[in-house]
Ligand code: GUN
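One chain is shown next in structure tokens, namely the form predicted alone.
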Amino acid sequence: MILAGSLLLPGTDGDRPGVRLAEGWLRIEGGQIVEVHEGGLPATFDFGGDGCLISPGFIDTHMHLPQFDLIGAHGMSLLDWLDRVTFPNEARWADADYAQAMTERVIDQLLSGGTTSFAAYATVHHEATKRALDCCARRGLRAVVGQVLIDQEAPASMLREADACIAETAALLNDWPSQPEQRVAGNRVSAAVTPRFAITCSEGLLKAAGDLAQKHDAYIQTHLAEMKPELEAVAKLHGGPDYTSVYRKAGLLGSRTLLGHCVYLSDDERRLLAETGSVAAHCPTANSFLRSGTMNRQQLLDSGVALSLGSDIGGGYERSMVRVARAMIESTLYAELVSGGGGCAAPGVSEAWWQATAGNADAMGWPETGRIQEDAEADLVVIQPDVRWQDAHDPLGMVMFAYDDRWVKATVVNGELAYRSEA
């Protein structure tokens, strides 16, 4: 397969990571990019052409598969939203057939928007999580999916015995390991240890989750410091010097740990995240929608914290990672405004494109995807804007700020055509 157009290649944005554009083409064979050529389009190609942007597939590092049907439940704070909207919707995944059908639907939506890799929460339901993992594998995606762990402070339909859900997660980790050499050839899907957050997990469950993740060298997903009432509830339930230390005590911090939000962190907590290599998953659309607050992204970077970017659907309302990246720029500009310019420098457009692709891949420990270069995995998106973007003062800026999902003409996953626009 040959894709041709303006290639989104690795680059820099001043002294920060970024991307650059170059006209050219690439060839895919056996699930990999085997050739990348700059300088003119070939006489024949399969997808793309003049005016098309060829981008690495987008990567979403924080989302909830069962929440795609509740996008837009507006006007509530986080804890109220969980009780009134989220938990009732997630309870539907007790029906594994429903969960499987929904996962297939969600994957269709993601591919039509160019998302080829993600880290996602399922629900407390074991069979539903198994079905979701299987769907991702059959569709060729690179994905991390976890069964959610909850044993307190939630509706009865969501509560599980700690020993039971740890045993179920252990079974998933055995079947869907994080280490590529332990997986069936061609399978890029891993299970994750996924305590929902400290409010809904007892100290015993958190500690068991940490022990399990360390035993399997598994990915860990949870939430951290999304809103102020959450911090107060965690302090009441768990004590400790701060929220982040609750996770450290349980052995849940490390380079495979993805911590959603991280809006309200002290200097000591930021240092702890940096020391352990834990990743803060920035979710700007969800933070604004649920009125949780605004992450000071530059402050975390200055502290040496690894960052990624996530949609956090369904608290987040944007399925497109291009628009989530745009929201990252906008939220940082807002943080800069309200702080009077104190250490909140906004990322440029080039860095935002990098974050949604190679930046998120690096945060996940996936150096083989998220970039257009020889020997990289062939996860790619063909975008055909209907604006004169190549003549613009900032071509990538025009594409990002005018972005329309209907511009996605084809999505390639692991070297295979996974979506093609009918328009």
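Just so you know, these numbers come straight off a predicted model, no measurement behind them. The first residue of the shown sequence is 1; numbering continues from there.
Below, we refer to the form predicted in complex with guanine (GUN), which is not included among the displayed structures.
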task = Using heavy atoms only and a 4.5 Å cut-off, determine which of Met328, Ala119, Leu259, Leu82 is in contact with guanine (GUN) in the predicted complex.
result = Leu82
Single option in Arg142, His223, His125, Arg297 placed near guanine (GUN) in the predicted complex, where near means a heavy atom within 4.5 Å = His223
inquiry  = Taking guanine (GUN) as it sits in the predicted complex, is Phe197 in contact with it (heavy atom to heavy atom, 4.5 Å or less)?
reply    = yes
message = Considering non-hydrogen atoms and a 4.5 Å limit, does guanine (GUN) approach Gln67 in the predicted complex?
response = yes
request  = Answer for Leu111 alone: is it within 4.5 Å of guanine (GUN) in the predicted complex, judged on heavy atom distances?
outcome  = no
ask   = Are any of the heavy atoms in Met102 no more than 4.5 Å from a heavy atom of guanine (GUN) in the predicted complex?
value = no
ask   = Can we say Leu53, Val382 and Gln390 each have a non-hydrogen atom within 4.5 Å of guanine (GUN) in the predicted complex?
value = no
remark   = Counting only non-hydrogen atoms, the one stretch of 201-209, 267-275, 223-231, 177-185 within 4.5 angstroms of guanine (GUN) in the predicted complex is 223-231
